[in-house]
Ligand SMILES: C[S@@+](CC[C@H](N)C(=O)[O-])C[C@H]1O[C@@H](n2cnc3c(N)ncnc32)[C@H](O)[C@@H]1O
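A single chain comes next, written as structure tokens; it is the form predicted on its own.
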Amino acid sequence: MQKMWNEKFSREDFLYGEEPNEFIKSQAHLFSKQSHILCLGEGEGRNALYLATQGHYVEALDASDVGLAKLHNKAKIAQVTLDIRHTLFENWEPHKSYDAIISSYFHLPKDKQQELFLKSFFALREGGYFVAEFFSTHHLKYKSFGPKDPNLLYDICDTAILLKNLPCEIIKLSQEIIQLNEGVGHTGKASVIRIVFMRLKNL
């Protein structure tokens, strides 16, 4: 997986554009000033860079050192500071609590998706937000971009069951058909799952 993403990001331009994901951007009003935000599966860093320019303390995590190097260079040009962590998701262990965790199109296999939500939940402080957008299991019908392997897509029913068993407030959990315009990598119709939840308390 790491090799694949390094190959995808080994280009002069940005595969998914330089603008943040529109859903992530639309939910940024939830974050208080100077929040500590973790961006998971951040790739070339468009979401992390946007949040850092808004004055947040941002940490970007990804398996691709090529993508993260592009983020580092963009951050220097924009004169913003953020933490960059090059690691595989399965090796990630939260070392602090975050005010928010965000992710857009983090392609994890089914047996890692539950771990994504659980790790994220436990890494949030009480009152912290998780905001994410993923390709749904219905996305295969469009056949234009995104994972072709059903094992890398997210099921809204599985997600709902998992979240309902956690002490969190589900602010948004929906499956939607949207029009993406994110660089050459994401252009066209997509079936996505949009998630926003807030951690309520410790278990």
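Residue numbers run from 1 along the displayed sequence. Since the structure is predicted, the reported quantities are computational estimates derived from the model, not experimental observations.
The form predicted together with this ligand is left out here; the points below concern that form.
- Screening 41-49, 28-36, 172-180, 155-163 for residues having heavy atoms within 4.5 Å of this ligand in the predicted bound form returns a single hit, 41-49.
- This ligand in the predicted bound form is approached by Thr87, whose closest heavy atom lies within 4.5 angstroms of it.
- Under a 4.5 angstroms non-hydrogen atom cutoff, this ligand in the predicted bound form has Phe106 among its neighbouring residues.
- Shown alone here, Ala63 lies within 4.5 Å of this ligand in the predicted bound form, counting heavy atoms only.
- This ligand is not shown here, but in the predicted bound form it comes within 4.5 Å of a heavy atom of Met1.
- Within 4.5 Å of this ligand in the predicted bound form, a heavy atom is found for not a single one of Phe117, Phe121 and Tyr129.
- Scanning 1-25 for heavy atoms within 4.5 Å of this ligand in the predicted bound form gives Met1, Trp5, Phe9, Tyr16 in sequence order.
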